[in-house]
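Just the one chain here, laid out as structure tokens, in the form predicted on its own.
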Amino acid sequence: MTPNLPGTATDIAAAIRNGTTTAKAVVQATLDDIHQRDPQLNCFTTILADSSLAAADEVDRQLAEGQPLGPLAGVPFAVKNLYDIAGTTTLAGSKINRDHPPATQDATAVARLKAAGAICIGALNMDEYAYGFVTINEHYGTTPNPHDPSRISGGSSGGSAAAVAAGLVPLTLGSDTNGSIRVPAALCGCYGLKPTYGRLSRAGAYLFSSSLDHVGPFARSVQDLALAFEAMQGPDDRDPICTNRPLANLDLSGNLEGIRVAVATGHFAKGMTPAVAQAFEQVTTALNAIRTVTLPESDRARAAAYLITASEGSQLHLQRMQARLQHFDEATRDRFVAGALIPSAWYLKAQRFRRWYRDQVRELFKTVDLILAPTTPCQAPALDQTTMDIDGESVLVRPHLGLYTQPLSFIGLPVISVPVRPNHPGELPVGVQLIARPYDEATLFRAAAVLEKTGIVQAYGGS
């Protein structure tokens, strides 16, 4: 973590308020640490030194004058480089977007964190156009896992997860289509929230698959995750799907009384490595999850999610593919081309199945409040690893890291991936998904707080 700074956003904000430090000192120390360590970590694609120092001066001035401060005043944050930052070109991980003019205003999520007093330090690396689970980018380089540079950080929000896990910043933003927040959170060992579809505004974020895309935060504590989520809530005229559902009854006291917890079986019980199975059992035991539920046809849900994602993504980029196909990342290009060839009848059938699957899962939440599932089937694969074993079958790494995340994005459920504390020094992180009914993020935070208090989950490398 950044030397001489508290490890969480909550602690940094408190230290600034009580005069232990200043916002400018925090931002300068953060910038110095990024300058020293990021050449190896490769999390940042843009660093906003001048504007972040000016914002820090403003926070310090407001504090000196006795003006009210937001809950995240002086806290550094950074965002996946598909979010608009006023005055900065939004790359979305691509070479093509370098030719775009700078954004004229902040994405809504960025603006709302700034309104809460947080200070944007820069933009973070990602898979091109958010199409991937590895953050191996032909144009901007690879973001390795901060705990083992020979392994991947996950993706597509790998820069966002790695920056938090490495302690460069306490808070970041990512996006999640089929697992792009949860997968890197699990592999890097931090908290990652995919809110309910439409709960947070996506205005000013470069979309990949409109009917599946979510935006959300990464953090090193449940409290920080909740603070960021609360700050970004609220309806937005710039995003017609964004709803006005204020977070009610947020309880981080560590009490799960009255919460019915179940373990997902079937699809979600297959394919995990022994290390993931052991971590998952720790969480299920800690939450006294004695019930089980089966999300029906989840393997078909994965297939349908792929069809919808590939179809919508390829249509979004069709003109760019026709004009500048050679400028796409090779791995991304081939998948977009394949998506463009999917028959429309398949897409429509996948959407019909999606409605059926959503209704089936909705019925399950009449009998349970929280469902548990692994986040990924394995710990972080090696950078050059192309295949892995799932139930004795050799499969490709890139698509199968989303084995347990895709069926949940598909119907917009809110999910927190929590980092399970390693049993032995040097072990790689493992993540577990906490899943709730739509708009019930409060139950997710409540359960995550219980696990955090028991010490079962903890940001990897945290105290």
Partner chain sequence: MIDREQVHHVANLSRLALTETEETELTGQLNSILDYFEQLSELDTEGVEPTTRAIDVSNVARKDELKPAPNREEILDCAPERDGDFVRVPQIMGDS
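Numbering follows the first chain given and starts at 1. Model, not experiment: these values are computed from the prediction.
As for the form predicted in complex with its partner chain, it is not shown, yet the points below apply to it.
Looking at 75 to 83, 102 to 110, 356 to 364, 263 to 271, the stretch with residues near its partner chain in the predicted complex, meaning non-hydrogen atoms within 4.5 angstroms, turns out to be 356 to 364. When you look in the predicted complex, the only residue of 251, 391, 281, 334 with a non-hydrogen atom within 4.5 Å of its partner chain is 334. When you look in the predicted complex, the only residue of 368, 303, 289, 383 with a non-hydrogen atom within 4.5 Å of its partner chain is 303. Residue 297 belongs to the set of residues with a heavy atom inside 4.5 Å of its partner chain in the predicted complex. Its partner chain in the predicted complex comes within 4.5 Å of a heavy atom belonging to residue 409.
Residue contact check for residue 147: none of its heavy atoms lie within 4.5 Å of its partner chain in the predicted complex. Heavy atoms of residue 350 reach within 4.5 Å of its partner chain in the predicted complex, making it an interface residue.
Using a 4.5 Å heavy atom cutoff, none of 14, 31 and 34 lies near its partner chain in the predicted complex. Interface residues of 165 to 184, taken as those with a heavy atom within 4.5 Å of its partner chain in the predicted complex (partner not displayed), are absent.
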